[in-house]
Each structure stands twice: as C-alpha cells, then as structure tokens.
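The data below hold one chain only, encoded as structure tokens and taken in the form predicted alone.
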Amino acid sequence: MELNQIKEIVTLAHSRFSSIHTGEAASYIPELMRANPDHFAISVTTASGESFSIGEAEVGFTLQSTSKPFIYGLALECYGKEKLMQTTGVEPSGEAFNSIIELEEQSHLPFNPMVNSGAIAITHLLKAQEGQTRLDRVLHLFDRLTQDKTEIDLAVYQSEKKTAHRNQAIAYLLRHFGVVDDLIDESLDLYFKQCSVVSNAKKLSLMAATLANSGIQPHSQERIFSNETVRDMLSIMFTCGMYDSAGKWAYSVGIPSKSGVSGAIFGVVPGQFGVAVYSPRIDQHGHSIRGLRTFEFLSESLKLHIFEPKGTL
C-alpha cells in the first residue's frame, strides 16, 4: 500500500473526527486532566521508515498502558516464553484494565500481560544487569525504539503514585499468591515510571512500525525483537490489547492494537505500517473516543482487517 493512499484517508479521518467532543481526559490520575482535550493527532510510519502525521503529532503524552506490549517484548527477549507463561496467562480477562479480581481461579496468575495485574507481574521480572539498573533497561528500550532520548514525566509519575491504591491492592494480591516476591514495592515504582514515559504520536507510530517491520527499527535497522517475540506481542495485542472491548475491536477493526488512558492508541499492520492516534478524551473502557473512530474508519477504508478477504487462487 502506497503512503499517498494512506495520507488521503488519514487526512479525511482527522477532518471528520475533529468535531467529536464527547468523553473527557482520565481523572483517576489527576495530572492527566491537564492535557488539552482538543488535541488530536494521527501518525503513520511504514515498515520502510516513511512517515506522515497530521494534527498535534509532536505534543507529548505519557505512554501509560501503551508501554505494556513493549515491556512484555523485552521480558520475552530476556527470559523466554516458558518463564513468562509461569508469570501470566494469555487469555482475555473480560474485566476492566484495573480490575482487582483479575487472577485466574486455579493458578492465581493474571489473565494476560495487558491488564494491570499482568503488566505489574511482567515488570517485576525485569532485573538489573550488566551495569544497568532496572529503570535503565526500560528507558534504553524506548531509546532504541524511537532513536531519541527517553524521559519520564515526573509530575505524572508522582500523581500516578499518589493515587495508585487499586494497583497497590493488585500488587499485594499477587504477592499473597506468590506470583511476585518481596520486591513488589520497588517493582510498582518501576511500573509507574514505565507508564510515565513521555512520547508523542510520531514516536509511537515509529515504535509500532518496528513491530510491523518484524522487530527491526525502520530507521536504525537494529533488530530489537526477534520474529518470534513480535508474533507473541501481536497475538497478545490482538486478543487482549483493548481490554474488555477486545472482542468488539477484533471484530470491527481487526488489527493488533493497544490503548492507554492518556488518550493514545497504536495499531500494527504487519509488514506494512504502524499507526498511532492521540486524543485525550476517553470512554468508560479507557480508550480514546476519536482514536476508536479513527481506527474503525482506517480499517474499513484501507481494508486493514487481518481477515479481510484477499481473493482466491
């Protein structure tokens, strides 16, 4: 698919959905409410590194849960699938992203690494190594993905930490069942910093394009994730990335995606391109409302659904 064709549809989507003013910025992390609710950006980066953006594509926001697939990929690269399957399952939970009752009944493991309980357990796995602290390893991953220096929004981090009662409850439930050990407070702090990493639509689409390019960063040509790791990341994103609306997303949009309560959603069209949308007004599931409409429109207009009929032989 040519970039010019994508540009036309992306421009039309931005024009069409800019008028949506329903929803509001996330309030349970007070600092997120400081975002301009009218900001709206769409960015596309192809697997070969070409890009197109419209709107406030360089306005910063924190990754929040859009960080989860990449940390999961880092853990897969470091510890392998068998270890991760002993830490979290891979089934959709059917619950909200921050549900406290989100552990499997028999194993007491989190349902999947895209909900908070699973993401906290995965972050807990990351250990310091080769002179790098745990935080260094997280920041270095995003440095490599974006070819830029990664920073943390300290105001959002502090706001998130002060209001993290549900995540603390989830973490100590994990500790109770032995999913994590006594370093849980340190791991929670790392999780809050991971969610507070600053990005923008351009950077996030480049990160998505790395997955579209089978784990190779399109600009640096550095292999960041193996083919197998990308396959596992995209599988989890497709089935679990949109939380308790994952089934509807798979049905109507049909591409592996992940949302965050800061108003970001990114999606991956394997072998073709990555897309990132940013608009802070979210719905009850924690998804950007303009983002949802944009992805539905792009999927329909560009025939992006992974099960879209391709004709017969």
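So that there is no doubt, residue numbering starts at 1 and follows the sequence shown. All values reported here derive from a predicted model rather than from experimental measurement.
The same protein also exists as the form predicted in complex with glutamine (GLN); that form is not shown, yet it is the one meant from here on.
At the 4.5 Å threshold, heavy atoms of Phe52 stay clear of glutamine (GLN) in the predicted bound form, well away from it.
Interface residue remark: Thr46 is not counted as part of the site for glutamine (GLN) in the predicted bound form, having no heavy atom within 4.5 Å. Mapping the unseen interface onto this chain, Val261 counts among the residues with a heavy atom inside 4.5 Å of glutamine (GLN) in the predicted bound form. Remark: Thr146 does not count among the residues lining glutamine (GLN) in the predicted bound form, judged by a heavy atom distance of 4.5 Å or less. Contact with glutamine (GLN), judged by heavy atoms within 4.5 Å in the predicted bound form, is confined among 27-35, 53-61, 246-254, 271-279 to 27-35. A heavy atom within 4.5 Å of glutamine (GLN) in the predicted bound form is found for one listed residue only; from Met242, Ala209, Cys195, Ala201, this is Cys195.
Checking Asn167, Ser159, Ser187, Gln217 for any heavy atom within 4.5 Å of glutamine (GLN) in the predicted bound form turns up a single hit: Asn167.
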